[in-house]
Structures are given as C-alpha cells and as structure tokens.
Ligand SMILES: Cc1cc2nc3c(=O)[nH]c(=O)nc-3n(C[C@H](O)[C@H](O)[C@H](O)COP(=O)(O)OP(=O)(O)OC[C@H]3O[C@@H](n4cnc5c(N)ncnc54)[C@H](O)[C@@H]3O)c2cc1C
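The data below hold one chain only, encoded as structure tokens and taken in the form predicted on its own.
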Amino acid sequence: MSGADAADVLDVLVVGSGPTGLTLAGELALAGVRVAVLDRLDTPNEHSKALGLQPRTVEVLAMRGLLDRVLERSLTQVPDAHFAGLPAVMTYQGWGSRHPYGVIIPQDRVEGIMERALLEDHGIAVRRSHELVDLEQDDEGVTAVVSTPDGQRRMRARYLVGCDGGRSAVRKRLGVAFPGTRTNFAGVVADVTLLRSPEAVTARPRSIRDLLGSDTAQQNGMTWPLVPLQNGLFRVVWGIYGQPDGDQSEEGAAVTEEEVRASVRMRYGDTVEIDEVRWLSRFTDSAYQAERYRVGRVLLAGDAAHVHLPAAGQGLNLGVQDAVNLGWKLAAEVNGWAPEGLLDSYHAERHPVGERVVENTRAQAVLTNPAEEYDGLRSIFVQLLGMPEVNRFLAGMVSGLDIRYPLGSGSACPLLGARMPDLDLELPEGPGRVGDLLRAGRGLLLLGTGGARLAEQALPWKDRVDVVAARELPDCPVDAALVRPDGYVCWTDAGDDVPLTDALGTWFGRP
C-alpha cells in the first residue's frame, strides 16, 4: 500500500503520547481497532507540566476504570476551583457529579498510568524515537513518513490523528489555519529542588487557595506559591506582563534558571533557596485554535487543535475529552458501522467546546494582569462570583460538567446532549452504577421500570449497544436513556418525538 512496510499497515496512527494521544489509543483499542502510538521523544515525559484534573475528566477516568490508580498517585484533591486567581473560589457542587473535586497530580504521573494501562490491558507499547516527517493521504488511507532509530520508514494506516502538541507537525503538514491572538505576557513554569524552606512551603495543598495564595500581584508581574510535587520537587509558576510573545515562534525566548530563581526571591525573599532547576518552560496567554479538526482521513486533537493560557487547569482536560469524543466515532468508522456524518460530528461538537475554553482563558488573562486599570474589573468579578448562579455557571464551564451537545431539536429534556449522571442502580444481579456499565466503551440503553418495554427494539444493535434494565432511575427525569460510549445522552423517552430505533440508527448505524 503506497510503499508502506507491510507490518505497519494499521487502522489508526496516533502521533503523540501525551494524555490526549494515550486516551485516544485506549479508546480505540477498547473497540478492537489496530492502533499504534508514535512519539518523537526517546523516553517518557518526566516533568510535571499540567498539574490538575477537572471533575469531568475525573468522571471519564472513573468510567474507564482508571480513577483508583490516579487517586493513588495524586498529591491531593481539592473541592473548589478558581477563575483568574481571584479571591473568590468556585464550588463544583450542584452539578450532580459523584466526583465534585479536582485532582492535583503531575502530568507525568497521569501519562505513566495511561501508558501502563495501554500496554497491560491492550498490549500496545508507545513507539518512541518515532518522529513524523511527512504525510500524504488518499481515498483509502494515510501514508506517514516517520524517522525511527532504524532509519526512515513509511507507515500506512486508514486514519491518522495528530495529538502532537501546540507546534503540531501533523497540523502544519495539513496546512490547517491556526488563527488566534498574540500577547505581551510571558510566564515560566519549572520543577525545582530546594536547599531550605519554611514548613509552610512544604505543606500539602488542601484547597485552591493553598495553590494560589492571596497576594500574587507584584508590580507588573506575579508569582504563585511553591507547590510540593514528588521526590523533593516543587512547582514554580511566575509571569510578567509587557514581554514579547515567544510561544509560537520556532525559536521562542529561552527560559533561564536565573529567571526561576528570581521569581522565587520575588515572593519569598531569602527564606527559600533553590538547589537545582530540573525542568523549565515558558508559556504565554496567546490563544490559537485550528479552523478544522478534520481534513479527510487526518484529524487533530488536544493541543494540536487548540492552545491557550493554562488558566484554571483546562488544557489537559480539554484534550482528554477530545479523545473520548473522537475515539468511539473513529472506531465505528474503522469497524464499518458508523452512520453518515458520525465522524464529522467530532469537529461539530468539540470545536465549539475548544472555542469556549479559548474565550474564557482570554478573559482570565485580562483579569490576571495586575495593572491598576483592571482593578475595577477584578472587583466586579469577585462580586459576581459571590452570586450562586454566576459561581455555578463559571464552575461548570471550567470543569467541563456543563457541556451539552446539541443532540436534539429543541427538546426541553435536560439530559439530552448532557453527560449521563453516574446513578446508583438496583440491577437484577445486584447494586450497580451507570459508570461501570460504560466501562467497555459501548453504547448503553438504560431502562427504568417504565421503559422496559423498549428493550426489544434495541436487540438488532446488541453487537454495539448494551441494554440494561434497572428497578428505577433515581433522581432522573426519564424512564429510558440512550447513552453514547463517551457518556453523553443521545435519546430519552422524555425528549423529542424521535423513535428509539431512529436514534439508534443515527448514532449506531444500521443494525
């Protein structure tokens, strides 16, 4: 096939082994898709990078059986959130989540858990030192030119997904436009060890306030409290306004160790002394989003599709949820049962979500600018956050709990298009939970007593949709719900006047 090595003819090539790529590979493998994960680096990431999981991502990890492993290796859980670091916390309560908390865990630990699960559960190892050099696609598939330790190879797959970060080689070779806004803010994030520090610095954070502190603004810059990570490491985050944008240029403004040391002195004086800077990176509040998430047989996900200020810890989470949305749809296409337009719904659903995150991080960038002219704006936002409805609105946005895809035609049913709550159920075999019923990554027709009559209608789809009857669906406004593999409700008996069989055909193809 187009000169590709026969052993490398696969269903899907995933380029990039960050949280997005690993999540996507797991979703595809769960559906029996032959997938390979390529990464240009020769060793796994060993740096903290992103530091938090939002509640919707926590729900997704629970749904796939990974949450216990994540919590075992986490630093802590926090019950609240912030918007632009303002001194008014947001609560995750009120969204009907079994997991109304954020998880503080370094990104390298998350990746390690995901990579281990991919190998142990599916026998898939990341192919390291494999760098995409070029790609071309035709009506039947994609040929990737890949630099490997054994020389350059041509690898062939039916589809390819770029999960390779903000400077994505896949996106660049596709020629997809990446419009956005530039900035004059430059931030630094680093992992360091300390020679000395007061006990208050080494205490484990218990709330979002511990992570942010209460006095971040200092002239035209800011530095947040040190966060204890693992093995004697601490996280440093520092930023200053009035600097040129360097994040999207190929050269980028290099970060120096002295910048990191100066930022710690800015906050702590001589009470804290850095011993060693293990890793450092620059970030800005520039915001960019790919115009298209799909071009033929090549798709983009995670930072390859969108970059933004890492405000309120949304980036990693946005990518993981991209992958969970895309995974089952791409698997359906590969396995031959995808209805028309299913794969295109990935862009239709996730591009607006990414756009919303870009928008709210731009707003947070303005609010974090310590310039005096923004004091009034900050004061008003603090007052707004004190209003329960505003607090809930912003917490839902940041956490991902408020996502509701437009899956109906004007239905008033609050569940349609929203995530299915992880209800406690009484099943014929005993107690159960909705999340456990979605573990296998299949569709789910969940029926209460009033909806049991519908079970027979779904039997022709039994190879891809599980039918489960419970005694009741407690605290649920419906007696029957059709749930997609990503956990979102695509039909209810209280929704539009759409027959169940039509909905099954729309989302799960011909029986």
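Just count from 1 along the sequence shown to find any residue number. Nothing here was measured: the structure is a model prediction, and the numbers come from that model.
Keep in mind the form predicted in complex with the ligand is missing from the figure; the text below concerns it.
- Of the candidate stretches 380-388, 356-364, 417-425, 165-173, only 165-173 has residues with heavy atoms within 4.5 Å of the ligand in the predicted bound form.
- Using a 4.5 angstroms limit between non-hydrogen atoms, Phe283 touches the ligand in the predicted bound form.
- With a 4.5 Å cutoff on heavy atoms, His130 counts as touching the ligand in the predicted bound form.
- None of the heavy atoms of Ala157 is located within 4.5 Å of the ligand in the predicted bound form.
- Shown alone here, Gly441 lies farther than 4.5 Å from the ligand in the predicted bound form, counting heavy atoms only.
- Annotation: in the predicted bound form, residues Gly18, Gly302 and Asn317 each come within 4.5 Å of the ligand through at least one heavy atom.
- Listed residues Ala50, Val58, Leu473, Ala31 were compared with the ligand in the predicted bound form; Ala50 is the one with a heavy atom within 4.5 Å.
- Out of the listed residues Pro106, Pro310, Pro225, Gly141, Pro310 is the one that sits within 4.5 Å of the ligand in the predicted bound form by at least one heavy atom.
- Residues from 177-194 that approach the ligand in the predicted bound form with a non-hydrogen atom within 4.5 Å are limited to Val189.
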